[in-house]
Each structure stands twice: as structure tokens, then as C-alpha cells.
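In the block that follows, a single chain appears as C-alpha cells, in the form predicted alone.
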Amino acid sequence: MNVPLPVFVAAPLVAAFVLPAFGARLKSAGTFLANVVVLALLGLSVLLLGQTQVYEVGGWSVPLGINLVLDGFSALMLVAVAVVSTAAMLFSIRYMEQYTAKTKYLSLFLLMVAGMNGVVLSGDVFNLYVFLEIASIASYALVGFGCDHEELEASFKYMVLGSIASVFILFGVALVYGNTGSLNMAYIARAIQEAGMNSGLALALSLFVAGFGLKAALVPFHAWLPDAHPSAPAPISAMLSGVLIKALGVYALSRLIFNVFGVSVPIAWVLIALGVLSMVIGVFLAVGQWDFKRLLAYHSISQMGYVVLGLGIGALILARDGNRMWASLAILGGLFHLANHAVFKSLLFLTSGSVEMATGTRQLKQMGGLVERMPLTRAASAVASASIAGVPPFNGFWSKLILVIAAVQARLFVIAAVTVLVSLVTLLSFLKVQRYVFLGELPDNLRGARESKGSMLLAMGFLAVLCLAMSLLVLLPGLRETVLQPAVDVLLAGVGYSVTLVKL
């Protein structure tokens, strides 16, 4: 089925501008419309798996016109964004009733979805920047949506650091244009292939690493995330951690490094260093947390380290002209963990929102025994905890196993050992969550806590099933070849890929 690519940007964008007209009296109709839009995007994105398309906006050919590009990598990201958006929107139906101005919330939500879809489909660096800003500005407003002191402070801090990241990226775009005379990724890649890297392009690449590293909250660019993610409403925390930091950070950075600038040994080691630092520092900062959502936020930093580590190992093997099979395995591990993290971390934030809504607190030491009152939320939380800790047979186990094997094959034995160690510390951290939130004695003040209902349970159940079902993506060759391998092949193809796709 041929789906026009602009639909993924236009549909949520149009709905976002229509929704404020519904007002408070028609908020049920607005909620229904928003859910229909994200559900339709989920169905369309699944239909596009395995397809390749280049859409020239307005019929204008590049380099004069703008193109949207669909390939295995962008298709995987579109599905990830759609899956998490659908679950978060379902959860919002009941959860956001405790907030005012729900239609404005839905409008900002869809604006963020439009921006993320635009980032993953954009075929040129300037429009990638424009869509990145649309998604970022919507997310700044959503983090401060509750308007409490803590939320506004976190939103301001997030906006300041996000704006610094955007300036780095914009300067990088300007340097690329000045040195290659083009903004289209395929033309830039061809120019770099023909003339090679120069100091201006090297500076642009450094600015992209810093800018997108900030967006992805990689250590040492992570300072905004531990405040922003816990302060946002739970469905937005799920979106920020589940897909926003991936689409705006990791996706954009890996697309530029692999398909535009080309991999090299130094940039591969930069990715590996960022990955290892994020894994280790993120998990040890998480272990010491007693705020439920802040603990999850630090784990987001750690888990993004796994993703970047896999991409870095793949880049290192390619740059050294090593065995492409092991490079493919490393990239597969990174991208599979990216998809897995989108699901299990979103589920963890939704369960934390469910618990906070029932108890009125995020402090682990003030909870306990909630398995009596919230057995279904506890079951969903246990599934997500097992997934993030890498317990078999859940999805997180397989992606971590692939990463460890790839690190061993690249003869990075210390890094393989660190990967296993971080996974064990992650397991300890989530055993603490299960012990303090759901087990033990139920405090008297929490005896009135009630299980979530309706769409909130449906959203958590949907993601919990995916935590188990996604293991099949690597166990069944047919599924792997349809969903994951096309994305891996895009990055393996390197700088020649963009030129071939656009047929320059």
C-alpha cells in the first residue's frame, strides 16, 4: 500500500490546530479525534514497514525542492513513535482529567508527534532542524503543563538547555551549507565523498554531536533530563523518554554520522565513550534515587547509553574495515534496544503515573504493599522492570545479549563486562522499586488507593504484551528481515546510501 509521506506530518499538525476550537465543552470529542489520529498513524506506519519512498514536496526536485525520505530506519522510528503515542494518548483519556485545558494538552501532544515524524522523514538538514524545533517547543510547554513551581522550573531549565542544543545544531547546519553548498543530505554526502572532510565540516560534526547529544541526554549533556521527565504528566514522561530523546537525538545523530559524514575511527570512539559513560553514570545515579519518576529518568540516560554503544561498536568495525557481519550485529543490537526501550520505559512511566495518581506521592519510602490495591498495575510494572533489567525471555534481554556478543566479537572485552555489570545494577534498582512500591506492608494512609481503570489499564496492557511479543523480532527470521534488518542495512550502507536512494 502506497501511503503519502506528508500524511504523517500533516494529519497531526492539522488536528493540533483544530483541537483548541473544541474548547472545554467538547473535550470528549477532542479526545476522540486525537486518539483516532494517533491510531490511524500507527496503522499507516505498520503498513510502510519494508518500503522505500522518496516524496518530492510540491513536485519540485532536489536540490531546489524539499524531499521526504522513507527507508528502513525511518520506518522503524515511525512505528516506534506511533506505538508510544497511541499508548500515551489512551492513558491520557482518564489521567489528564485531573488537569484543566485538556484540549490544549491534546493539541500540544499532536504538535510534538508531527515534529517527531517530520524529523525522521526529512531528507535535508534544515527541515530536520525545523521539525526538531516544533517537537521541542511543544515538549517544553508539556513539561510545564501542570503550572506548579517544580514543573515550571523544570520546563525553564529544559528550554534553556534545549535552546543551547538547537543553536549548536543550527550553527552546524550553516557550516555544512557553507562548505558543501547544499542542505539536502544526499547532496551533502556526495560533496563530502568527492572533496573529503575539511576543518569546517569537522567543526559542524562536533556541533552536531554536542547538539544532538544534548537532545538525547547523553552524559555529559544530560543535566536537563532528571528534572524534566519527572515533572511532566505521566503520558508526556512516557513520550519524552520513550521516543522524543531518540527521534530528536539518537536518530538524527546516527543518520548524519553513518549516511552523511561517514564513519571514522575517532567518531566511533566518541560514540562508544558517550555510550559507556551514559550507561555507567546513569545507572549509578538511578540507584540512589527515592523519587519514583526521577529514578526512571536516570535509567533513561543509562539505557540510551546501550543504544549509542551498539551504534559506536558498529561504526568502529566499519571504520576499521572489519567483519561487516559483526558490525551488522552491533547495529542490530543498538537499534533493537532503541525500539525495546521505547516500549518498556514508556510502560514504566505509565505505571508510575498510575501509582502517583492513586497515592498522591512519588516517594518510594512513603509507599508499600500496593500489590493488594493495584495488582494489574503491579503486573505491568513487573513486566517492564524485567524487560529493562534484561531478564529472559523479555525483549530487553535479547537486545542486551546481542550487544554483549557484538562487543566480544569486536574484542572490546572490558566494555562487554561493563555492559553486563550495568544490567545487574539495573536489576537491583528495579528490585528496589518492586520492594518499596508494591511489596511489604500497606501504609494506613494508602488503604484507599484504587486500581486504575479503563483506558489507563488498556494502555499499560498493550505495552506489557509488546514487552514479551517484541522478543519475536529477533527470534523469528521473517519478522527480523521485515522490521529490524532494513534499518540496519541503511546504516551499514554508509554515505553511498543517500546518493543511491535519491539517484544522484
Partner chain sequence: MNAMLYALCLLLFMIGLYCAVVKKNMVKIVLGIVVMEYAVNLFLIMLGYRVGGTAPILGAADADGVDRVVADHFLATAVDPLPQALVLTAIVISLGSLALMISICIRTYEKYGTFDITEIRRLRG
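Positions refer to the first chain, counted from 1. Being a predicted model, the structure only gives us computed values, none of them experimental.
Although it is not shown, the form predicted together with its partner chain is what the next lines describe.
Contact annotation: Ala417 falls outside 4.5 Å of its partner chain in the predicted complex, judged by heavy atom distances. The shortest heavy atom separation between Leu152 and its partner chain in the predicted complex is within 4.5 Å. Using a 4.5 angstroms threshold between heavy atoms, Tyr129 counts as touching its partner chain in the predicted complex.
Of the heavy atoms in Gly178, some are within 4.5 Å of its partner chain in the predicted complex. Note on the partner interface in the predicted complex: the residue among Tyr298, Phe212, Tyr251, Phe109 having a heavy atom within 4.5 angstroms of its partner chain is Tyr298. Only one of the listed residues (Leu424, Leu431, Ala195, Val167) places a non-hydrogen atom within 4.5 angstroms of its partner chain in the predicted complex, and that residue is Val167. Not one of Lys246, Ala273 and Ala379 is positioned with any heavy atom within 4.5 Å of its partner chain in the predicted complex. With its partner chain omitted here, the record of contacts in the predicted complex names 134-142 of 273-281, 111-119, 134-142, 328-336, defined by a heavy atom within 4.5 Å.
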